[in-house]
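Below you'll find only one chain, the form predicted alone, shown as structure tokens.
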Amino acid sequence: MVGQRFAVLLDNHPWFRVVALTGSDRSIGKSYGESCRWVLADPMPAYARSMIVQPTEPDGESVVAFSALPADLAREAEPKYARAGKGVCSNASAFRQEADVPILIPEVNPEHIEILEIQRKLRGWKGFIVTNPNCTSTGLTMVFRPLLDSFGIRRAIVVSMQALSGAGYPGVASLDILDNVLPNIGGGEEEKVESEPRKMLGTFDREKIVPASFALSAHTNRVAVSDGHLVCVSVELGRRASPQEVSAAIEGFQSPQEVLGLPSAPAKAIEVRDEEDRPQPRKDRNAGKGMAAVVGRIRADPVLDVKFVVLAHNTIRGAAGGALLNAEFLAAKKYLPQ
């Protein structure tokens, strides 16, 4: 699913041109059109259809490697590309919690790319690995950024309702999800949501990333929605703030100027909806071409301070689009091999 999003988002990209597609042993030597069961509504790009799938080994032409590999395969393959001098922009979880690997959202923690110099020295790589976050962590962390900056965060409880596309293809069996909600996604999903935002919202002290100090508890659920992860959030702030103040802080969030001009960056990273029944996945997941987080139902919380709902498109902003924006940011900051 994420690989197909990469194929679509890179079609006619103004900065990047696809020079190789890799795949599993059953696909190698076949055309992408022949080996891929296309499931997106967007048509398969013409450039990709006729490309021959190559082994997952570094080539001599590319400077960026976009990885949508399962974590176990990514742990073996991605360092090969980094050693070969490629900038690896990974959607996999394999290296997210490594101390010298940033989990990057350019609007949230652009300064974390500076740790790549440490990564290269420690590992002896000419290239590097940068990851984007778990698809549920993405929208959540984008909204936490203005809250942390404006009020501080002490603790939060989050409950996700995650779309089926997050499970890939063929994914969840129909008899498991129809007329049902699965209250455990597995694969360490809750642990990822509890740890990744703290790393992204932490500080880089020129030697390491020091995670943010707030506590985070997550419940993750799979629901019968095609795309778009919805998260219900309750937050205790560092100082008391009204729902109106919280709404104004989120609404007023501005992406760093160095991010705004990038091809995949939304004009507004976070959109706030005032309707009492928004955001909804079907109506709001494509905000900012799928790259914006959408927040609604901002109100007082009788246990903590404030609660709200946040939505992000899981296979665009939370996966392929997030990795692509990372690559654009790294190119603009001249971190990619020349």
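One rule holds for the numbers: they count along the sequence shown, beginning at 1. A quick note: this is a predicted structure, and the numbers were derived from the prediction, not measured.
One more form of this protein exists, namely the form predicted together with another copy of the chain; it is left out here, but the text below deals with it.
Colleague: So if I measure heavy atom distances to another copy of the chain in the predicted complex, which of the stretches 269-277, 66-74, 28-36, 50-58 falls within 4.5 Å?
Modeller: Checking each option against the 4.5 Å cut-off leaves 269-277.
Colleague: Any chance all of Ile113, Glu117 and Ile153 sit within 4.5 Å of another copy of the chain in the predicted complex, going by non-hydrogen atoms?
Modeller: Judged in the predicted complex, none of Ile113, Glu117 and Ile153 sits within 4.5 Å of another copy of the chain.
Colleague: Can you pick the one in Ala241, Leu148, Ala249, Val159 that has a heavy atom within 4.5 Å of another copy of the chain in the predicted complex?
Modeller: Exactly one listed residue reaches within 4.5 Å, namely Val159.
Colleague: With another copy of the chain left out of view, which of Asp176, Glu207, Glu258, Glu98 would have a heavy atom within 4.5 Å of it in the predicted complex?
Modeller: Looking at Asp176, Glu207, Glu258, Glu98 one by one, just Asp176 meets the 4.5 Å heavy-atom criterion.
Colleague: With a 4.5 Å heavy atom cut-off, would you call Leu122 a contact of another copy of the chain in the predicted complex?
Modeller: No, no contact at 4.5 Å.
Colleague: Please tell me whether any heavy atom belonging to Pro45 falls inside 4.5 Å of a heavy atom of another copy of the chain, as the geometry stands in the predicted complex.
Modeller: Contact with another copy of the chain, no.
Colleague: Can you work out whether Ser234 and another copy of the chain are in contact in the predicted complex, taking contact to mean some heavy atom pair no more than 4.5 Å apart?
Modeller: Answer yes; at least one heavy atom of Ser234 falls within 4.5 Å of another copy of the chain in the predicted complex.
Colleague: When the contact criterion is heavy atoms within 4.5 Å, does Thr203 count as touching another copy of the chain in the predicted complex?
Modeller: Flag for Thr203 set to no.
Colleague: Does anything in 174-202 come within 4.5 Å of another copy of the chain in the predicted complex by heavy atoms, and if so which residues, in order?
Modeller: Ser174, Leu175, Asp176, Ile177, Leu178, Asp179, Asn180, Val181, Leu182, Pro183, Asn184, Glu190, Glu194 sit within 4.5 Å of the partner.
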